[in-house]
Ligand SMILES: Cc1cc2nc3c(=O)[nH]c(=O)nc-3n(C[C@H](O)[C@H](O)[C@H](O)COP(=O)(O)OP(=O)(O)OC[C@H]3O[C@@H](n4cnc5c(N)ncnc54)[C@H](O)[C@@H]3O)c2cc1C
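Here's a solo chain for you in structure tokens, the form predicted alone.
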């Protein structure tokens, strides 16, 4: 093949597709390789971390970064955002001081206001003064006597629905309702793939494995890398490694090594008897990795719920977090995890872990004990640069000329990474200086809602999940 691409991107996860979309927005040609038959396969995400309130142990700076990045991604993919709030609580058994969380929330309100002052279009979480609401035990008792609201529209209505089901006597007060929304990966993947397929500036190669990458930077050619697949060799000037937890596999062939962790996690799909009204996402904080690790219940359409439980019996796994060794570029999971990643789950594991997840929610929502297995787990692995497993903000590294390694941990970092890569392309004279720095992308905006609905539904069913997981709980107006 004689064509020379400006950029070759390995991996069609959220980072790879957002980078390709930013290239296409600026009329920069790229080629994107994805081994599956569709993009954005995992690891799963379900929550817009617009403030990082799911992570009481991370720094305030990481919380601010997550808020800024989440707002940017929500502006880019509004059709994937579920505009329902999140209930945040700390069980009385746990160490976290609720007042520490409140101080952080006040900081985030001020930071959110500063982002709006910079650009009024950043006001996607409602007014800053409505970013969070507090409820004392007396408030909860009063709200428990209110009727259920089928379609809640105020914080009090959301909380009235919740308090009827939650055993709030087990929780420290006040409890919090915060405007951290839901985020639907099937809808984001659908919109991204439809946009890339319609773009004349991106060649999307799904069902395509990259077998080898040849470094020709020293050969004074018009390109720097040869990307070899089963049938073709593609020439590119700049290489972006967006392979997620597999970035080390690419770097092994490039003779690059870096310190990294990789982690395997899973969330579980359950079906629960119809409730009288919609619920927010429910968070019960606990120390990660202990028997009382955080419990997270995420609502979907048609009474499906996704569950995270930050224990080794639910979301985390024994030997699920491993680090690279001195003599290897790519850490290796054990046989059990590799079987789940590449061959699928045994029925007994699906049932036992989903039942464990249901029981974890049932500690705080007693009627949830009647929930049943609703589908296969959502699962995947991710990389974390360095050796800090609590890091939640990952961006990009440039280990050598004409090469970038995406290191996102949360999907919200994808646009930041794309912008950093674009800046590097200009620094290394691959592309000219760019004038348009707006967040919006006309290629994405051209994809209509019905097309997203259809393709998101198709993606969910093709991957073996209930079709309802592809829909928003609250339809956009």
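Computed from a predicted model, the values in this text were never measured in an experiment. Numbering follows the first chain given and starts at 1.
The protein also exists as the form predicted together with the ligand; that form is not presented, and the subsequent description refers to it.
The listed set 308, 187, 285, 405 contains one residue whose heavy atoms approach the ligand in the model of the complex to within 4.5 Å, identified as 308. Residue in contact with the ligand in the model of the complex (any heavy atom within 4.5 Å), chosen from 128, 244, 299, 293: 244. By the 4.5 Å heavy atom rule, the three marked residues 13, 209 and 382 all count as contacting the ligand in the model of the complex. Taking the partner from the other structure, the ligand in the model of the complex has no heavy atom within 4.5 Å of any heavy atom of residue 304. The ligand is not shown here, but in the model of the complex it comes within 4.5 Å of a heavy atom of residue 265. None of the heavy atoms of residue 30 is located within 4.5 Å of the ligand in the model of the complex. Contact check for residue 409: a non-hydrogen atom falls within 4.5 Å of the ligand in the model of the complex.
Residues with any non-hydrogen atom within 4.5 angstroms of the ligand in the model of the complex fall in just one of 422 to 430, 38 to 46, 57 to 65, 439 to 447: 38 to 46.
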